[in-house]
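Single chain ahead, written as structure tokens, the form predicted alone.
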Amino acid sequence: MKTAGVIIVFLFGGLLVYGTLDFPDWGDPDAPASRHVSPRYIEKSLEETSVPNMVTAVLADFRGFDTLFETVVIFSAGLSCFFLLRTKRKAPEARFYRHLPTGIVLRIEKGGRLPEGSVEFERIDSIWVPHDLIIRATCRLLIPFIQLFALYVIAHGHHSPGGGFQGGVIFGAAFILYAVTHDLRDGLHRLGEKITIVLCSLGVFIYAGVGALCLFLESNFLDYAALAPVLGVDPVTARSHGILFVEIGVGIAVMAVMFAIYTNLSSVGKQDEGL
């Protein structure tokens, strides 16, 4: 069986290498893309979309279908990690609590209750290591600025380098940074599993919903110019606004998927103690 697998891999690898022989040379000015597609994008992107960032115009407008499926692929990756790693969380035999005023750790057996004044106790992991106060305080100061920058990258991606994928990664990294510097339980308290799943779906729904709205307005799917009557702008400006809408959807999906993958990987699917 192993030998057959190796043969199949080499066979398909050879076919892929053979297929590259028909590709044009790198940088060939006579290649079909260089003679037709690239000049169109370079010369007409700003005129037709009112978007100075040509890369964003190509990805979110001219190649809108491709980017939509890329977003679906990211969503599918998050779902795959969930189905492969997520396990049913068993009730622990004992829970551990730290007395906040003194720092004393108590072990409470299953079914036991905390002493009076339990608001002074914080649930901790079985193997608890005190967090560094400087790291926690520094991250709490940095995270709002990281999230604000992520929103800027998403909102300004069609005018400067950035976009939904980049901004979503930065926003997801902010939540991961919080979970690493505090603990996974605190991170899930800020962005729970159910909310994460909803946001993953919402991001894809926003992107596809914009395209469906264009169909409803008797135009082509993802033809943002059809949004002009709804937005009260000219068709070219409507294409710019449509790009912004889909970038927001991409950013939400990427952010949620990143955090969902982290929570499942770091806790082996239990989403309980983790890092």
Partner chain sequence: MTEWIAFIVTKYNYWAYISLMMIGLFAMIAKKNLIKKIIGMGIFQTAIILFFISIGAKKGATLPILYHGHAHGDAAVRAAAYINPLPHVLMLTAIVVSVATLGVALSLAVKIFQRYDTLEEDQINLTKYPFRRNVPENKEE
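Only the largest set of C-alpha atoms that superpose within 1.5 Å between the two forms is called the rigid core. Positions refer to the first chain, counted from 1. Just so it is clear, the model here is predicted, and its values are computed rather than measured.
Keep in mind that the form predicted together with its partner chain is missing from the display, and what follows is about it.
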Check: in the model of the complex, which of the stretches 197-205, 138-146, 183-191, 70-78 has residues with heavy atoms within 4.5 Å of its partner chain?
Finding: 70-78
Next item on the list: Answer with yes or no whether Pro29 is in contact with its partner chain in the model of the complex, where contact means some heavy atom within 4.5 Å.
Entry: yes
Notebook entry, point to check: Is there any non-hydrogen atom of Val58 lying within 4.5 Å of its partner chain in the model of the complex?
Noted result: yes
Item checked: Leu84: touches its partner chain in the model of the complex, heavy atom cutoff 4.5 angstroms -> yes
Item checked: Partner contact for Ile42 in the model of the complex: its partner chain, 4.5 angstroms, heavy atom -> yes
Checklist line | Residues of 241-260 having any heavy atom within 4.5 Å of its partner chain in the model of the complex, listed in sequence order | finding: Val254, Met258
Notebook entry, point to check: C-alpha of Leu16: shift of 2 angstroms or more between the shown form and the other one, rigid core aligned?
Noted result: yes
